[in-house]
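Only one chain comes next, encoded as structure tokens, the form predicted on its own.
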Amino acid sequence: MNDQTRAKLDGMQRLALFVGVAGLIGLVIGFTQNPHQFFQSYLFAFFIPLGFALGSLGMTMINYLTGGFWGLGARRIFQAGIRTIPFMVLLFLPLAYAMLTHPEAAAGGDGHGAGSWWLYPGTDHAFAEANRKVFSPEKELWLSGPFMVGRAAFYFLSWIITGFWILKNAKKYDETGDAKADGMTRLISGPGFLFFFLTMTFAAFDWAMSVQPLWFSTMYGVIFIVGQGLSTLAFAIIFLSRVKHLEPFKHFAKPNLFADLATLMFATVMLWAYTSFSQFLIIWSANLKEEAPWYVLRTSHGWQAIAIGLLVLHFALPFFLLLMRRIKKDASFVPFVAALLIVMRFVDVYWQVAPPFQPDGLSVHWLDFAAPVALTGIWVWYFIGRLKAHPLTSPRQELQLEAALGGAHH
């Protein structure tokens, strides 16, 4: 890494730290004034950096399974993202505390105003008793605070071990050219991705879907996982656009790399729309009293404006913009599309998680801005630190990139 590249990364890291600390100060103030709102805002904000970190793991495994120039060009970004997964354990601690403690609150039959810091009604025995006809003792045990925290520990441990194993073998291959190490990385990625898919699905059930414990959807975890992949691709495009003129990025951060990443982003936008609409269509057509209220809440009392915004800005506009190859190859324009999608990922997670806390209608609190600013800023600061701590390229990766550029991407 030369001085110019280090100076650029240092500047980006300082800016991220400044933004993150400013947001953290806001969070501390908010906690002292309104702890219940603090935990509600923190919950949805946590999913944003989690998406970047776990999306990096997922996209790395997909690339090892399928190949492609896009993975070679963004590999160091994805690897740095994987190295932030242990840091996410630290950011998860406030939620673990919320799962294990209960404020004094009345357990409402609808689940509002009950549970651990008004996040998880299912952890409150009074709520379980009030809804015993549809809330079995087995479900109460599954959603109990200690069991939820224990499963969270298992999820994080599995992600960290998988990521560490992949990084270890990737480093060995970069340094020695050992074909067995490269083969092992690909071998790990198959079952590793399947296991990641299952654990993240259950994590989405535990941490997000259970804010309304009387509702369920098997598609819910898939939507979260697709969103993580979309967030990661958008972040990689934005980051590469900021460093494309620096060593060693300038040798491979070329229009075709942006086109490849943007094409994947385009496909992921369509997959997000497909999974989201499929869930909506099935639930709305069935019109069951256990399922339909989830959408009734999110399409009324002001929340319908966000639903329409997601349809237009999370799907329709990016879809039509990314249809144009000229835009996908334009490193000065496609980052704006990526930035729009990251903003809409914030909005989508907020729309998924926040409505149960505001049953009387949409009411945005200032902590809903401070929390994502804090957690995302701190995560980006840590991410850049992990990126700088390891070589930005290797002779073997350079040969692979040169071969790819000399072939289909000349």
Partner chain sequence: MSEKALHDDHSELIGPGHTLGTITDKISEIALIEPKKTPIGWLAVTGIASLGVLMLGVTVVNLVFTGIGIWGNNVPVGWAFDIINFVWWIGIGHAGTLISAVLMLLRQEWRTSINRFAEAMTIFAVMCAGMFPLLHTGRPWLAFWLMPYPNTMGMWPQFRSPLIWDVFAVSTYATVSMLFWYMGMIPDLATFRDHAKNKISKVVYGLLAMGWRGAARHWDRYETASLLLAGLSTPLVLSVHSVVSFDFAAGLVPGWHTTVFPPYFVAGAIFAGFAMVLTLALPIRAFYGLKDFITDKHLDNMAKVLLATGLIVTYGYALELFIAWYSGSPYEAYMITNRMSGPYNHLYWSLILCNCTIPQLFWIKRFRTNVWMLFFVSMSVNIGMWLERFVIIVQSLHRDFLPSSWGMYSPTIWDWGMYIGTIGFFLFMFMHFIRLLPMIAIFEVKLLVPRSGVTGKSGGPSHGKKPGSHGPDAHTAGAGSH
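None of these values were measured; they are calculated from a predicted model. Numbering follows the first chain given and starts at 1.
Below, we refer to the form predicted together with the partner chain, which is not included among the displayed structures.
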Quiz item: Looking at 154, 336, 142, 165, which has any heavy atom no more than 4.5 Å from the partner chain in the model of the complex?
Solution: 142
Quiz item: What is the one choice in 79, 169, 241, 201 with a heavy atom within 4.5 Å of the partner chain in the model of the complex?
Solution: 201
Quiz item: Does at least one non-hydrogen atom of residue 291 fall within 4.5 angstroms of the partner chain in the model of the complex?
Solution: yes
Practice problem: Answer with yes or no whether residue 66 is in contact with the partner chain in the model of the complex, where contact means some heavy atom within 4.5 Å. | Solution: yes
Practice problem: Verify the contact flag for residue 210: yes if a non-hydrogen atom of it lies within 4.5 Å of a non-hydrogen atom of the partner chain in the model of the complex, no if not. | Solution: yes
Quiz prompt | Any non-hydrogen atom of residue 97 within 4.5 angstroms of the partner chain in the model of the complex | solution = no
Quiz item: When the partner chain is placed as it is in the model of the complex, which of 303 to 311, 84 to 92, 247 to 255, 270 to 278 ends up with heavy atoms within 4.5 Å of it?
Solution: 270 to 278
Self-check item: Contact test, all of 186, 222 and 396, partner the partner chain in the model of the complex, heavy atom 4.5 Å
Solution: yes
Quiz item: Taking the partner chain in the model of the complex, which residues along 281 to 302 bring a heavy atom to within 4.5 Å of it?
Solution: 281, 282, 283, 284, 285, 286, 288, 291
